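The structure tokens that follow cover one protein chain in two forms, given apart as structure 1 and structure 2.
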Structure 1
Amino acid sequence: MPDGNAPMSSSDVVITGIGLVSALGEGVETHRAAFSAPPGRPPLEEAAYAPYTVHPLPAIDWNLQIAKRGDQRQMETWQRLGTYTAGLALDDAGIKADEALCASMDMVVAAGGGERDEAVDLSILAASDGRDDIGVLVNEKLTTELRPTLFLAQLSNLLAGNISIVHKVTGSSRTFMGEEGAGVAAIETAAARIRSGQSTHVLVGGAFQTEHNDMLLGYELGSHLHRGRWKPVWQRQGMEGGGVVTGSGGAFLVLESREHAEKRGARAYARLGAVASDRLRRQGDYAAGLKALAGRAGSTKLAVSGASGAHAATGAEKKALDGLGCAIRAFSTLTGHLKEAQFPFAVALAALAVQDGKAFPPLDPGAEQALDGEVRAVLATAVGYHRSEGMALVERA
């Protein structure tokens, strides 16, 4: 098992900035404190979307990272959230105020498809009752009910565009779309660019706003959402619904080559080691496939798991990691499932554990093992509730 003592190289990928927002609050220290002394019951919204529960956004003063009100107004909430969280990461890395570093910085974003205008959707459904010319009706509504800018606001790469406008990050930009797999691809791509010498420093991450009926509908069309009273991730097996409890939040990281970070005198939380991804067949012995994926990344004695609670995927992940002798911390118990931001969030928490040199205490003592002793390497995971898997080894820098 890796122990964090692998030879150092100038092309190592190190994590020098972390931006986090979840129902627990915002910032590195808020989350470090929350996971070091887990609340018995995390922040929840149980009435607004019943029978579903969500982990809501905390109160956020958007002005702290998005100074212009005009910029704020033209963004949907998920875009404001991503832009805000990216600013936290840039501040944390000591890059935000350096125009030259921002201008040469590349960006890789994991994003969803935007928020629908629910009022217009409902008006189309109401107007369609008794009409046969649905195509004509839809065209009428498109030209009279929707702002032209709304179409642009749905583009996934608008999050990256807003980050560029607000924070002046104007190097190359890539956007991946598609649930947990997007977050995995974003981290994997950013790390590969640095290792190959194509990039020296990259802003990478994603954001998800679940407090919107169409976002919950996307999960529930596949029967993925947990119903009824909230339970920690590992306790949802066999309960009504699909097991997933969603949350609003974001996670962005600043990744740099070791050489670039050292030249500017930046401190590193941790080194990002191997990143392994796949789209495994979920028939047969799925746990064996996950165990092999962990072997590709480099399994160790602690895993920060992005387990969503989805019955089959979460059960298989626990079986695989238990088989490797890993103590597991399923952070979604406190934050909810963050979709595209799930894997960046897992990597960020793994980096904090490595920096502290110790495991967070169990978030669900009945299902998670205590782990004493020094922690020098952590496995970060994201096993998609429906598809896609990713794992990364995060080591002492």
Structure 2
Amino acid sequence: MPDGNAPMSSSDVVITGIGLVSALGEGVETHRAAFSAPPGRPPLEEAAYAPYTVHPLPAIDWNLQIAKRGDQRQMETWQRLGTYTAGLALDDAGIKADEALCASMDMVVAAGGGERDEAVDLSILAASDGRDDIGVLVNEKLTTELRPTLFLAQLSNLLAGNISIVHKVTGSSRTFMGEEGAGVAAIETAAARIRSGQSTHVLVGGAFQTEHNDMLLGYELGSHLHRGRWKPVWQRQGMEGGGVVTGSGGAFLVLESREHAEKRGARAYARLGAVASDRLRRQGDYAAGLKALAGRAGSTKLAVSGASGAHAATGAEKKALDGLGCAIRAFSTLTGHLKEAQFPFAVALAALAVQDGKAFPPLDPGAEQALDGEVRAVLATAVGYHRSEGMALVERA
């Protein structure tokens, strides 16, 4: 059902709340403004992790969404960022202050984790030179130097745990892991639950805090990071490194059945149509596989792409979407790659474009086509830098 002409149904999945944080700032309107008048050069941190560039976290007043200092202290930055972004989405949906709606709300979080204590790790590595008894050294250092509460403050499912504690979302709580695919599966599962009547309203999303060397290591062990001067997503082919520039940020959505949203008088940004996911073989004609996946979600004139810049994956995605005659907006040019949050972020931006009824201007005018005229449906994509693919059609509410 292309271009947003599908009939309405009470079990439609509508997007009624969006929480966004990226280097561009926080909130729906900040992002709408930034993507409507894209800066030539987004906020970047080029020195701290050289030779890598990252899109850093913006200034955030954590108190605005996490009232208790004690709660803030129990989280490392990633959990705090996710909890904060989830709060933005709940606020935006008009649910945050409604205890009953939070208590009956389901939650699917796409999580990473692993914000280790770098100082402790480095002290072990420094002491390891010339020693054979590494196991003993690790025991000695970790038992004496590790902060007891750090484990929970960086543990994957504790982002959801903290959202329960801080925002009182307690209907159900599932945490999916696995890079971009976790975000894809989270949204796909949340939507399937609503369509089937298993849920009425779901909080779904993720966050990624890249300003930690272990987070960069997770990409660079597979030679995925772009090195040297920053370039937009489409201009990294053939340059030094693997093409991915990461960013700190998060995206959470409130998804609801149309019936539930209408009953409480909530406004809907957009309707979430078909969500298609897969783990495609990347040998052979990968672009053809991606094209078929887009066909499963539904074809349209505009794609909000989560392309990471990873040479092979991003090249294939461009070929597939060009082949479909789709204008593309690769948002990572402005935000960096947000890993688990990549697909939720794509869906959120697609919803804003659908709500506006028009495409954002090209973020990289040399590579992205202008698109005039009314936009009624947008394809949101996340093609993993290494594995997993997801696409969804976001349509007029």
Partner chain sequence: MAGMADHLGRPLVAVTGIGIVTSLGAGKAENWTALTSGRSGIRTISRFPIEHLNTRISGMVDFLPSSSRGATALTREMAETAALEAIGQSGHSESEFGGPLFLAAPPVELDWSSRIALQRAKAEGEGMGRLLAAARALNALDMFDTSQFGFIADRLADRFGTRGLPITLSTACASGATAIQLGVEAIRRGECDRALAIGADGSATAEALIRFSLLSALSTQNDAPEKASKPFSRDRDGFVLAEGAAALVLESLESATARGATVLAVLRGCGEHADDFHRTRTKPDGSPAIAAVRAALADAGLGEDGIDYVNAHGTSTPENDRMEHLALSTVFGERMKSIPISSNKSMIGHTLSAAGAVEAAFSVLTMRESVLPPTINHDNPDPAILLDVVPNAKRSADVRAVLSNSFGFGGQNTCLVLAREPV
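Numbers follow structure 1, counted from its first residue as 1. Only the largest set of C-alpha atoms that superpose within 1.5 Å between the two forms is called the rigid core. None of the values given here were measured: they were computed from a predicted structure.
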(request) Please let me know, 1 or 2, which structure is the form predicted alone? (result) 1
(message) Once the core is aligned, does A126 move its Cα by at least 2 Å between structure 1 and structure 2?
(response) yes
